[in-house]
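Both blocks below hold the same protein chain, though in two forms, and each is given as structure tokens: structure 1 and structure 2.
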Structure 1
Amino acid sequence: MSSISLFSYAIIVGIMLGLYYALMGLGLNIVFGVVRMINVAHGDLIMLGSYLAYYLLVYFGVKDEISLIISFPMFFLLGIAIYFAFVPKLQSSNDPEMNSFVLFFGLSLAIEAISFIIFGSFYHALPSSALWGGSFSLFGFGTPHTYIALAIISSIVLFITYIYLNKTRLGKSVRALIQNRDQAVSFGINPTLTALIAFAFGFGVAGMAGTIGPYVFGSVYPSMGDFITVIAFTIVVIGALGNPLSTIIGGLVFGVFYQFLEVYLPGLSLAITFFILLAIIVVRPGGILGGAQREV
């Protein structure tokens, strides 16, 4: 167990989990991009996705890869419902940014409470056998195969998102809308439909991130949402706010960085993560790779 192999191990595992972290932040960033609202309930969507995977496995023996595919349409529909229920009303209010924050926080509390009532406050873990099982040796450290599965699944979803945003007409409209709303509308893009689909896509991706989440967080429990939202936001601002694909870089940087903290400063890894988020928001509010987003 030399220090060099520990170092290499941290980098490789950091990259594998980093791909997952990118997936975790992706939905939040897409939603922010199209409606300029921070979805504080993002972490709770991930929590619901995890419960979906857990119950599908326990009651129907459904493997995690299948739950992943089932979750997307379900969360997509949830996204459409949430959009129609809240977004138009918020956009016409006097302070959409702050009001949406409060509203989504309320939604987050409500989802968390309903999950407590329905699922109970126990911690549930998913057995590694539901996602590839077994383990291998990496620089002398036992590493579950599940990590490889996480990296591959996340890469596939990130690639599909790339195709959607860069190669399809619908996705190009989304990017146009994010860059300059007025101009996009003047070119004949339907802003409501485009934003609706991207918003729902963001929810769908969050649900997918949820189904494989327990392998990263260790277990699923109702109150995990707040903490995941803030971590996801950290990943998003390491990239650029409103630029979904920059989240891939954010996820990788966060993954490696966090893995190093876990290895070298385990007691303080979370505290340091949050202080770094704070520092990034203060110095570069639009994200490290993004433009400035300041007022005054």
Structure 2
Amino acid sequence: MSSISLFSYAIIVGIMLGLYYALMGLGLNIVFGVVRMINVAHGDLIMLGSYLAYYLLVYFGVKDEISLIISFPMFFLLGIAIYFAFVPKLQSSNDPEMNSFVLFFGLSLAIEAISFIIFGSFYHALPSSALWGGSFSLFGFGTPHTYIALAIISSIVLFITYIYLNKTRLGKSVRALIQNRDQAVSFGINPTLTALIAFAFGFGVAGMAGTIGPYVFGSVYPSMGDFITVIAFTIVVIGALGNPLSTIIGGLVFGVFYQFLEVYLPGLSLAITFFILLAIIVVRPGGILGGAQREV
């Protein structure tokens, strides 16, 4: 196999998976943008979305395309419940950032513990036939059709999010709130309603990412949330924390770079990727697009 074919394969697969990684980090960035709180339980939401897809498939024969649609309203409502239960109290506290970190960390531990009780410690995999089974040859390498499905589904959700944030009145209010809360309020934007919907939207997107997550991570298990949260945070930081659409750049960069390492240095791929994260934090703390999007 020629080096050019290997290089091309790494780029194309990296882009396909990178679109999913962007979807995976999108909800985390939206939630941070509207309430300035890092949801360290984000990976656990994705884990729950994966279990939802698994049990819908096993017990009801529901394909992942349908699970994807079902998951959004369920996690949207969960986001509304969590917002009203915790966010107003956190925002009125003396140290909302630290208190939110502790609270979401505790929420993460609770979700993981409950998941172990309900689902057990077993690893469950979704059959590839549930999402475009089979494979095709890409530069001589067998490549699952699921990669194409992941890229298409992720692109659709990312495009819908772009329309929501840039073409709708509510989405523009979200962007205004992210950029300057006080100024947004002075222009008549309802900060509570805007933040509530955006917060819940972030949860809904996380649930959708979870339904197709097992095709990237191989299986679903209760403790996978911690690992996913770290990856999602890496993607968000690479793009720009607080700039939701920059997550697309972060996901693509992470996906391509990680795939290159998987091809050429598979044993060190994850470790080197996180070293790159540290380098970006040191050299450009705001991310690749940090400070680029500051006007509505």
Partner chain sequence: MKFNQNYLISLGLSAFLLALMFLGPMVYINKAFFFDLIIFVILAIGLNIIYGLTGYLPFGYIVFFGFGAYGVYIGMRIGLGPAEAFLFDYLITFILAVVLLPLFRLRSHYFAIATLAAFEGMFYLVGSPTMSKYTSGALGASLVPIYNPSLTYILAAVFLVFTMFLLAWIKSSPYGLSLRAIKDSVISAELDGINVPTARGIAWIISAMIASVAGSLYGWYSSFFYPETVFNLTLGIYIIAFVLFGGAGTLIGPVIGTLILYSIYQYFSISYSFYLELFFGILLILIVLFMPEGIIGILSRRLKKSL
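C-alpha atoms forming the largest set that superposes within 1.5 Å between two forms make up the rigid core. The structure displayed is predicted, hence computed values, not measured ones. When a residue number appears, read it as a position in the sequence of structure 1, where counting begins at 1.
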**Message:** These are two forms of one chain. I'd like to know which is the form predicted together with the partner chain.
**Reply:** 1
**Item:** Large Cα shift (2 Å or above) at I15 between structures 1 and 2, core-fitted
**Value:** no
**Prompt:** Upon rigid core superposition, what is the positional shift of the Cα of R284 between structures 1 and 2, expressed in Å to one decimal?
**Reply:** 3.2
